[in-house]
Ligand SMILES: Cc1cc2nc3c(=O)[nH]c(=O)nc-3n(C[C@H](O)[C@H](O)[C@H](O)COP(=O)(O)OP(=O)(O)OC[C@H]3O[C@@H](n4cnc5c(N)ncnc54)[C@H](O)[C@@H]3O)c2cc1C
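Only one chain comes next, encoded as structure tokens, the form predicted alone.
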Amino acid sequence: MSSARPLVIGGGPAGAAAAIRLAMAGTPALLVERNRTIGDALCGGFLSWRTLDRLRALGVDPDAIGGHRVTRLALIDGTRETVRALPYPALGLSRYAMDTALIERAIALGTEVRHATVRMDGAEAFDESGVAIPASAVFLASGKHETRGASRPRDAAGPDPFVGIRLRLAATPALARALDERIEMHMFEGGYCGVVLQDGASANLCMAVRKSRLARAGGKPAGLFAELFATHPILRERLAEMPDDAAFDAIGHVPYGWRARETLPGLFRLGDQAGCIPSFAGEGIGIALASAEAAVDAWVKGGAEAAPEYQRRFGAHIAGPVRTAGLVTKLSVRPSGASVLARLAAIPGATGLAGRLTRVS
């Protein structure tokens, strides 16, 4: 094993979790993050029960961070809603709160954090000036953003990719009552959006919509919401206080369903760089933390040469949850699929089964 430190690229949940686990294994890493301040990332505001257990294993107490307890799932198809209990309590938590807690934990354990842009050439990393960064192994955890030299295939997002849209809302008394202990999934042709309370006095709306569906609404989130309000009164009610000049965050060409099945020796892909599960499942952070655990364990046991086998095994491990989430997503965005999904959810035990099938063990 090389005497150089491990290098972690990306300071989100996957990267920070890898840094924590490396430090816990006695080898603190160098973590390189392009952003100098911790933002409130668009994706990952819902934490499943298994994800909460993984956070605790990293030494991060979710209850101490804040967040909103979630015990029920509401599937809403325009005017009709089906409400079912989750198998176990989950949490609505902002990425700012979670990412801050994780990176602080990594630093406390001896991780060095630098702010820079990195490019890859094979399994070797270089800084902005073109100087190689010595590393015993590289843990690539740049999320849905690509790292130059290590991009996913061009067709990873498919011919009609999803666009991710996020709106942060003030949790008015009416909205807080409506969302108390529950997450809502509003389904419509070409997309869906989840609404959940998070830490503080805020609510988070995160939407996944086909690029073609957004284009039909003029290519603007405000235009899409204006169309949806005419046929989705419950969603309209939830967004009654949305300002006319609401600021939307967006990310394009989200590669839902993609999994990394191979890699080079010394290059471990984590999080969305290892597999991108449709957000309907609410297991993106679960994959981030699980991949960090599996990758660090593989590196500790087998060094840089263990990367290809880790990637193959992890890709196979998450295949079931990713495929199940993909099937549910395909059904939810079809013209009549949302109604079918709502009827299926009304069957006793169906929601719990779907929840278990989309979790990463």
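Residues carry their position along the shown sequence, with the first being 1. As the structure is a computational prediction, the values presented were derived from the model and not from experiment.
The protein also exists as the form predicted together with this ligand; that form is not presented, and the subsequent description refers to it.
Using a 4.5 Å heavy atom cut-off, indicate which stretch of 67-75, 251-259, 174-182, 211-219 touches this ligand in the predicted complex. Looking at the partner contacts, the answer comes out as 251-259.
Which pick from 144, 232, 238, 105 sits with a heavy atom within 4.5 Å of this ligand in the predicted complex? Answer to the contact question: 144.
Considering non-hydrogen atoms and a 4.5 Å limit, does this ligand approach residue 294 in the predicted complex? Although this ligand is absent here, residue 294 would stay clear of it in the predicted complex, with no heavy atoms inside 4.5 Å.
Is residue 19 one of the residues lying within 4.5 Å of this ligand in the predicted complex, judged by heavy atom distances? No, residue 19 stays farther than 4.5 Å from this ligand in the predicted complex.
Is residue 228 close to this ligand in the predicted complex, meaning a heavy atom pair under 4.5 Å apart or at it? Outside the cut-off, so no.
Any chance residue 336 has a heavy atom within 4.5 Å of this ligand in the predicted complex? Close contact is absent here: in the predicted complex, residue 336 is far from this ligand, nothing within 4.5 Å, heavy atoms only.
Does anything in 277-291 come within 4.5 Å of this ligand in the predicted complex by heavy atoms, and if so which residues, in order? Those in contact are 279, 282, 283, 284, 285, 286, 288.
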